[in-house]
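So this first bit is one chain, no partners, the form predicted on its own, shown in structure tokens.
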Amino acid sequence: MKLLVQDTSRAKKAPLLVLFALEGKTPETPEGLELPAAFTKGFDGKARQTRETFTDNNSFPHVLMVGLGDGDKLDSEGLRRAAAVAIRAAKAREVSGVGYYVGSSVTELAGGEEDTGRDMAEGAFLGFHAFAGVKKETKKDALKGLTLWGAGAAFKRGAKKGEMLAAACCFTRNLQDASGNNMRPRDLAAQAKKLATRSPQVRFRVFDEKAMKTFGMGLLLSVSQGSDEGAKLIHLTYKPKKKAKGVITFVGKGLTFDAGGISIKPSSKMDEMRYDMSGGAAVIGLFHALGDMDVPYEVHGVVGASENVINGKATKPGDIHVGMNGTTVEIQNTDAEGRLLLADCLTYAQKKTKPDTLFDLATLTGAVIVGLGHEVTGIFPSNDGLRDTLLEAGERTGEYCWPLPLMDVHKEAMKSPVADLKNIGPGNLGAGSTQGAAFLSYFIDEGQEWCHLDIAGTAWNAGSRDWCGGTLGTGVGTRLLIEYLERR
């Protein structure tokens, strides 16, 4: 779907015209368009309410009205959802093109022209996205073009940015949704490599198991040793055009399939474990956006990609492995493998990139779903400033976050009687998400600003919000991280 952005004065023609109505108010319309008298009667403009009609106007033969709700409460999420409702209606009606008319009454209440343009485009393109899959026959969308009519150069600038952000998120979703046999570690690395061809500011490197062995990454390799599919360590680097204001590194868990190893998972819904690479997908998706931006920081993305399956060489419960930083770990449960992979990636990231700020994203624990459900990501920031910036970024993007505690009692519980650490804590301690963060904390250098994000709940199976949700991937993390970089 192609995007055209024009001033409201140029709204002359569209197969389907979308109008946006604030609660209790008549929607603004293009000059010369007269709506049937009954069309707006009784339409109260409640959020996501819709009504449509056909007109005698050859320029706008089909009109859809979408409610925005109370203008005093209108925010980015409300605009995104309304834009997605409209684009889904356009797809369902199989029109060739759709035009959104965004009047000044909306832009004034929604944060200004640039923010409005961004949210409208973002919601439309995210709502339009559908994973193609590998079906024998696929139906092509009739909808080929979206025109956004809004006033001012800032609206156009925002709309183009919204299109770019949505493209990065949809790229992440496509990585997530691919089946385990079509998105192996080698395939994830290949997708990351392609991004480096899109921009001269992005560089790609990949390391195989032989290289990782020389690095001493025994924890990561302990996860992959049960698979015939070799692990990959992916390293993307973005360099700004001018001198960097700092270095920020994002680490992603890239378990392209997680059967649990010898501590095998139940067969029910095991197919969903193709989503265990969602943290890595989000980090790679970030570089899809960075190639189109001018962020003033040096940014690194490190993804450990592996499978956690079973053969005669698989790690056994009770085995002890050594991490890149020399820490020995007793493996009490082979299904707590993500933290092992991340541990070595975090050590590598600190040693090789020397970041001012370090993040990791992982579908780490089912416990975070118990605590926060599928709509909120659990975060473990090392200071209040990092926490507040992430919370603000989550509000802006609709990828909401909530801080969880990490205390000394949790860290102590990760110590093993036969090694430095064990990879799970005692069941009676509870706080499974915090236990995962506590384990990772042993691989963070003293004084390093760091935040762990547990996206196990938000990566897929989220509730429908029109522009995301449902059983497939959400792309969570990519837009959040971009917003963080812009707010930093």
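Counting begins at 1, following the sequence as shown. Since the model is a prediction, treat every value here as computed from it, not as a measurement.
There is another form of this protein, the form predicted in complex with a small molecule, and it is not shown here; the text below is about that form.
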property	result
Single option in Lys232, His288, Arg118, Lys253 placed near the small molecule in the predicted complex, where near means a heavy atom within 4.5 Å	Lys253
The single option of Gly366, Gly246, Gly385, Gly318 touching the small molecule in the predicted complex, heavy atom within 4.5 Å	Gly366
Triplet Ala349, Glu449 and His452 all within 4.5 Å of the small molecule in the predicted complex via a heavy atom	no
In the predicted complex, segment of 137-145, 395-403, 328-336, 94-102 with a heavy atom within 4.5 Å of the small molecule	328-336
Any non-hydrogen atom of Phe439 within 4.5 angstroms of the small molecule in the predicted complex	no
Lys265, heavy atom within 4.5 angstroms of the small molecule in the predicted complex	yes
is_contact(Phe443, the small molecule) in the predicted complex, heavy atom dist at most 4.5 Å	no
Contact flag, Ala456 vs the small molecule in the predicted complex, heavy atom cut 4.5 Å	yes
